[in-house]
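So this first bit is one chain, no partners, the form predicted on its own, shown in structure tokens.
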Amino acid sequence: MAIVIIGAGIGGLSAAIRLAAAGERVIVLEQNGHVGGKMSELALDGFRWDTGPSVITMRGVFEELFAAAGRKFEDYVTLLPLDPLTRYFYPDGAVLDATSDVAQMMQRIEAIAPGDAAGYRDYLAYAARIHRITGPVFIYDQPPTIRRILRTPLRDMPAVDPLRTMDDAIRSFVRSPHLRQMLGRFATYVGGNPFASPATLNVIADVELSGGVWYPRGGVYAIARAFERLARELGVDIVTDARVEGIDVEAGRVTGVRLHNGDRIPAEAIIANVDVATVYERLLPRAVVAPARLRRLVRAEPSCSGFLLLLGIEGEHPGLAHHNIFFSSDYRREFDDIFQRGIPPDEPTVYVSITSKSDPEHAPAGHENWFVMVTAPAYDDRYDWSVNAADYRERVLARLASFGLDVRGQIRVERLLTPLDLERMTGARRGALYGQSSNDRFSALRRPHNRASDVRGLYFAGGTAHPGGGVPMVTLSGKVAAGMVLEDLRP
């Protein structure tokens, strides 16, 4: 029998590569016609966009995966370093180009936030210390346990900083609203709120501001293609257009999966690269699902979602970088809209990625491909996207116009995606891009484990399981899930 992986997202492909490299027979079943999960792409009328993740960090995670299979990542993907990492625009006209060159960054900070450069340098050291201490427990290994956490030396415990919020910690280092907004933005990388998420998540700033940002030549989807190529080279059987209707369980152990076409595939182990709540709600037999567990999964506060505009723009904008952020004037209100009121922000922060800055062939000559994203709440009955999407599009474009970028007359091609579309396209429950939210100090401990405790032979990989969302993190989730499968099959 084979090990079956449900879903050919980055987490599922990562697990498949690990297992195949260890000599296991692996079948990957993907409901869409292509691999990648949330990592996808779209081409229209000479324009090309990545439609999922757009920022790549932690290149060592990918290098280590390919090395485990006896390959070199650079033979499959060319990663280009980006500088600036991101160009930040503020409502008062200030502009900040973030760089991983600390000396240069401090000079730029002094220009817009006099007196805060030293605090920024101290903040980087603080974030790096969190990374050093928490990485082995919360990121690069199996899910954390109370026992493992208690093994952390007492002298290191205060540095983890779990009792303050991200914003509280940031405020202790820098005074400038500009810097506080820039550093607080990293909460959105895991779908969180900087005014509620634990300060421990400032680790994300170390990953980007010190480790750098990378762009895969050809587009972020090049990573999905590379994972697929390597998996197939190792003998993984990847079947697309294969929707799994259910997981068979006998005597408390998985025995196989049933497909939409009536076929059944026996399995000695199953890794679900699917939202964990969806697995319990829709794929497992009701008799094996504890009602209390299902309630916890379904009722858990979701992470944020997104509202996307894929725009083919006539004309070029030399004042924009590859990654651009246009901040709102009231960041706290913005996150209150998302997480408390459950509505898209009245005055949103707008992210614009333009891959044609690095890959000119992604747009016709004299044009640019804009990936425009606004952080939005996971959908519920408080906001009807089917009615309001067109109006919200106007609001987002008006925000860009307020920064001197009125492109409404330059749009030649357009595609709009709401949280409803994201759920339909990716299977993300309620369109939440990162599973459960990270808005409390125990979120890392509450994140679903990679090994199901109630169904033997069932494992989880992807952004809704440990260690969380983001391309490097789901790659690591595949590593953890594959390792657990091998532990259990080869005791």
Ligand SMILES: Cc1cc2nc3c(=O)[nH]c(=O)nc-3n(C[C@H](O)[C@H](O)[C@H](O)COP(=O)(O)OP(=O)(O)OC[C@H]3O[C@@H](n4cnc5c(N)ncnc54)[C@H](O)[C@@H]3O)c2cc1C
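Fair warning: this is a prediction, and the values are worked out from it, not measured in the lab. One rule holds for the numbers: they count along the sequence shown, beginning at 1.
From this point on, the text means the form predicted in complex with this ligand, which you will not see here.
J.: Is it true that Ile6, Leu29 and Leu308, all three, sit within 4.5 Å of this ligand in the predicted bound form, judged by heavy atoms?
T.: Each of the three qualifies.
J.: Of the residues Val257, Leu96, Ala117, Met373, which one places a heavy atom within 4.5 Å of this ligand in the predicted bound form?
T.: By the 4.5 Å heavy-atom cutoff, the listed residue in contact is Met373.
J.: Which one, Ala300, Ala242, Ile338, Leu400, lies within 4.5 Å of this ligand in the predicted bound form by heavy atoms?
T.: Partner contact (heavy atom, 4.5 Å) among the options: Ala242.
J.: Ala482: heavy atom within 4.5 Å of this ligand in the predicted bound form?
T.: No.
J.: Would you check, heavy atoms only and a 4.5 Å threshold, whether Tyr459 touches this ligand in the predicted bound form?
T.: Close contact is absent here: in the predicted bound form, Tyr459 is far from this ligand, nothing within 4.5 Å, heavy atoms only.
J.: Is it the case that Lys38, even though its partner is missing from this view, gets within 4.5 Å of this ligand in the predicted bound form, heavy atoms only?
T.: Because a heavy atom of Lys38 falls inside 4.5 Å of this ligand in the predicted bound form, the answer is yes.
J.: So in the predicted bound form, does Tyr434 come within 4.5 Å of this ligand, heavy atom to heavy atom?
T.: Result yes; Tyr434 sits at the interface with this ligand in the predicted bound form.
J.: Based on heavy atom distances of at most 4.5 Å to this ligand in the predicted bound form, which listed stretch, 426-434, 41-49, 66-74, 451-459, is the contact stretch?
T.: The contacting stretch here is 426-434.
J.: Even though the chain is shown alone, can you say which residues of 61-95 have a heavy atom within 4.5 Å of this ligand in the predicted bound form?
T.: Stretch hits: zero.
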